[in-house]
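Quick heads-up: the structure tokens below are two forms of one chain, split into structure 1 and structure 2.
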Structure 1
Amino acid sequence: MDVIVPAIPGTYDGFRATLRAFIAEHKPTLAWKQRTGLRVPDRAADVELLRTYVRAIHDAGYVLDRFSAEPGDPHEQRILEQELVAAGVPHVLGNPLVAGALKHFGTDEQRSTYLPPMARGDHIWTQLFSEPDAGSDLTSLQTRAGRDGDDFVVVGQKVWSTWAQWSDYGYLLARTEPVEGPAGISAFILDMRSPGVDVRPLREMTGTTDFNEVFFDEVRVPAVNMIGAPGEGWRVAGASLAEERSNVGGAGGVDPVQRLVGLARRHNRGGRPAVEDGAVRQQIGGFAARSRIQRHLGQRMATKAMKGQITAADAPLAKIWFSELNLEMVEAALALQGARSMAVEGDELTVEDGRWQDAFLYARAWTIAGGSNEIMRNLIAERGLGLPREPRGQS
């Protein structure tokens, strides 16, 4: 398939310059240190500064397509994404995957009630999908929501929920129907301030609390907060999961290969700069080639989406490619540092204040986020290539 990535015309230079100046004027100064991956501020004051920043962007007319019923100018959207990412602070707060669910399955009232505040930063959302015994295989989730008059009563537990400690609303999957598997699952909008919701941040090996456990003790959710029909939750979630996997596949922002080149220039191997070592050059050259392929995969997927030709294998393929390449590159970065790779953030001997060490500790999360790579390979084989399904365990 031809990949369509049209050049942005020079007539948009003024739009870019105006946007760049606006971001520079409104970008907040945070106590929180932005790191690689899906990271979350640990101070309420920083969250409020980010809300103000996102609100200013929205009110100035810079709205991302993911929050709008009508697509904007495609060139302006690309510039908007590029400049907001380059700013280096979050421009979308929380996990906004529910936006896609509301667009395709939500009622008009749900869309008008929740999409504008989400785009403006007034509402922060979290995704309430994974459970201790149901991660990549969400069809085995056990959180239940039983009908009681005009409400559903939710009992259960979720885990790995980013931004839950600061969220106003949650995008919840729970069992409502008396059948096993995906047909028993429904999707809900959950007010995170509801009685019976208990959020417990998890301290990870990175030292940060980017994920949370969330417990539900007979939490009442109005029936009008269901997204789609009863038992339709798996279909509702499908579009969201595809979007998350494609985002993981395109994650990483600035190409880290040039950072590796700089690292190889600054560190020695055998008494010479590591960049002069043939094996190091070969390795970095390989990373550069694979990084170019990663970009092509993302562009190809965007082209297929534009033409309505996305398949079940596209997002998993890009997700696997990125997450495994990223892991190998951060491992190579630590190897280049030698013994200094054991120094972490705050140590005077560390390189780039521990950026690579933090990226290494976080890198395996990308191989799990949006569904583990093992599950992704099954999706490619079964849904993309039509191969026989993997035998399921006996209950």
Structure 2
Amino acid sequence: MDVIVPAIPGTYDGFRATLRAFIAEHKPTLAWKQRTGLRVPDRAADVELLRTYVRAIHDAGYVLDRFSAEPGDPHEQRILEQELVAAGVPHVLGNPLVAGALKHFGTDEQRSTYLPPMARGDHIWTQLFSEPDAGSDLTSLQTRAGRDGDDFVVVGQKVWSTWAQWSDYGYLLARTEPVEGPAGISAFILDMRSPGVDVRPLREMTGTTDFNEVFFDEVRVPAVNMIGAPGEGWRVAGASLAEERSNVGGAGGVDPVQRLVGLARRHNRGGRPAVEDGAVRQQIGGFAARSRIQRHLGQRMATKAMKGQITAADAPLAKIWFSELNLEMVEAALALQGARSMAVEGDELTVEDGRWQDAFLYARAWTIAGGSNEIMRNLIAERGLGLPREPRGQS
């Protein structure tokens, strides 16, 4: 038993140094304030700066495996991930999950047409899955794509699409077959500049705009833009959703438990530093344990994946563990600030420029997005433990 990630040989030091210097030289200074979570720039100028940055990295020959048909050198890939994350600005523009779908289900032409510009930041993608009446219950989605000659004609509405306001293409699920449920769904590549596409940015409880509503008024999509076969959309989406769930929470940066200790030192409770309070110590000690276990669950999952032993319960389990621990920790962070926790970004009384208040409000995105935690619990129970499926209601 071990958790050893093979060391990167010293012969790669040059690669890393060159990359790091390259990133430092090309990294843009954004007007946009970065926050925790999957956040989207709020200024067109910043999007252009990011495109230029991503293009520069790509054109210098640095391409992530997720966008290429052939896997690169594993050590170089790890260094690339590490350095791009350390740079602290987005290096993947838009929602890249369609890449997995194209790799597994796309045609050669689709792959060669869409993967390289996605890697280069030339094409920003959004995901067009959820609908107002089909969130957690995604297979009941009602957006339709009816065949008309060489095209499909799309009518309907999507919601919770990140990056849609800046997107060039959409990864669309729509109903094409005359059957209810998953068997009626197909997956498409949709040009977001097609006539009839209307993107309306959504302002969320955070006050920021990270998601959008997207309306389709008889939007024509060429039939060759279908990913996979008619009625195969649910399978196509399944692959990418599983990836989204297991990727959730791979944030990095300073350990949030250490941040909590910092807050507990600086804020008082009962007239003395909160870190001296027994209840606070117990709470943070408990977070520390669960936070470490989150890492070990990841190590178990990686091992199971390697041995082909992943079960349907694994990704939902990891998503629930992360999102609920995250929520509790940010709630505790606000509690530690006492009355001062009411001050947010922009107020002179605010703590750490309001990062905790934003993280608190955003925490609900993690417990809901990518399949609400209630649906995750259904998946664990039904697919992981083999309990009977939920009956579908009549409406």
Partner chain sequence: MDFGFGEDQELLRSTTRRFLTEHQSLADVRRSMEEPDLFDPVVWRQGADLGWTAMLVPAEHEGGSVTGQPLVDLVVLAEELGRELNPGPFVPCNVSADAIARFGTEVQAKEHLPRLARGETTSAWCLSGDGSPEPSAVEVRASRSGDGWRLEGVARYVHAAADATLLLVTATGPESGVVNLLVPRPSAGLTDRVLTGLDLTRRFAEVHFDGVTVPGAAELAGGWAVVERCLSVATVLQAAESVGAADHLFTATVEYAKKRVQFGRTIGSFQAIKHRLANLLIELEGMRAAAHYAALALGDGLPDADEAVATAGAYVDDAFAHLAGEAIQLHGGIGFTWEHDVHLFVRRAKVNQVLYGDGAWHRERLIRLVEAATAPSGGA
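So that the term is clear: the rigid core is the largest set of C-alpha atoms that superpose within 1.5 Å between two forms. Values in this document were obtained by computation on a predicted structure and should not be read as measured data. Reference numbering: structure 1, starting with residue 1.
Assignment of forms: the chain in structure 2 is the form predicted in complex with its partner chain, the chain in structure 1 is not.
Core-aligned CA deviation for residue 76 between structure 1 and structure 2: 2 Å or greater. Remark: with the core as the superposition reference, the CA shift of residue 386 between structure 1 and structure 2 stays below 2 Å. The rigid-core alignment places the CA of residue 376 less than 2 Å apart between structure 1 and structure 2.
For residue 22, the Cα shift between structure 1 and structure 2 is 2.4 Å when the rigid core is held fixed in the overlay.
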